[in-house]
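As structure tokens, one chain now follows by itself in the form predicted alone.
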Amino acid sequence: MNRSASVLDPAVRARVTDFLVDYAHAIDDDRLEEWPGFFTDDALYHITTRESAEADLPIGIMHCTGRGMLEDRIKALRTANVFEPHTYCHLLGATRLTDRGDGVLEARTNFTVTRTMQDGGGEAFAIGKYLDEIVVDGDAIAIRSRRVILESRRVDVLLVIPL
């Protein structure tokens, strides 16, 4: 058992937990222009499958480096991508936080994302875990690295909205 996770300041833990929930709500509520603001300027956002992660394969389903790429992703989604309208609903598990001692927290949060299509049909769309490096600097919190590890290697081609 990782003991360092249990000594984290409860106020910091609560703030980071709220931050992660706010992240999911911004996506679920179609406030996608807010999404890049959850990351540091030099952030990494990477979606891959568990199978690829375990084999240490570098190619991802989605790979963005830097907030600029995240912003471009949303601009393209809004202006250039053509896809059937749909919405997400994130269900987050409890987050395990570990303080590395250098102003960075490591976090693991399991998730299920349900997707509802325009016709009202819904399904479990993505199941996996977030592996994060989160920078806490005074009142500011930002994700420096988010690795999204999907449990299944079957990934719908309609992965246009960030997870």
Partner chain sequence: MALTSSESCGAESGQGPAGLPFDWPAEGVTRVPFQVFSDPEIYKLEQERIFRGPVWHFLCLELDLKETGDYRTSFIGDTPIIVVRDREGAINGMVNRCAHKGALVCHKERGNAKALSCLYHSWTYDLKGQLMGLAFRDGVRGKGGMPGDFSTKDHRLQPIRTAVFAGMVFGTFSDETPDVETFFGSEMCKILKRNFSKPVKLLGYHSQVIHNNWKLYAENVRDAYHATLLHTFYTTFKINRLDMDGGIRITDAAKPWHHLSFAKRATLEAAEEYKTAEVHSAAYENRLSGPELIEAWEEFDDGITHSIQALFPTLTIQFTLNSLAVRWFTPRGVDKTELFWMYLGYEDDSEAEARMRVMQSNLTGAAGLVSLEDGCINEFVQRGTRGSGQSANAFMEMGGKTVESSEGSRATEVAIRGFWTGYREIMGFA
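Not measured: the values here are computed from a predicted model. Residue numbers count along the first chain shown, from 1.
The discussion below concerns the form predicted together with its partner chain, not included here.
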Using heavy atoms and a 4.5 Å limit, would one call residue 108 a contact residue for its partner chain in the predicted complex?
no
State yes or no: in the predicted complex, is some non-hydrogen atom of residue 96 no more than 4.5 angstroms from a non-hydrogen atom of its partner chain?
no
Just to confirm, residue 124 within 4.5 Å of its partner chain in the predicted complex by heavy atoms?
no
Give a yes or no for residue 159: in the predicted complex, does one of its heavy atoms lie within 4.5 Å of a heavy atom belonging to its partner chain?
yes
Answer key, its partner chain contact in the predicted complex at 4.5 Å (heavy atoms) among 51, 133, 28, 34: the residue is 51
Answer key, its partner chain contact in the predicted complex at 4.5 Å (heavy atoms) among 141, 12, 155, 21: the residue is 155
In sequence order, which positions of 52-73 have a non-hydrogen atom within 4.5 Å of its partner chain in the predicted complex?
52, 57, 58, 59, 60, 61, 62, 63, 65, 68, 69, 71, 72, 73
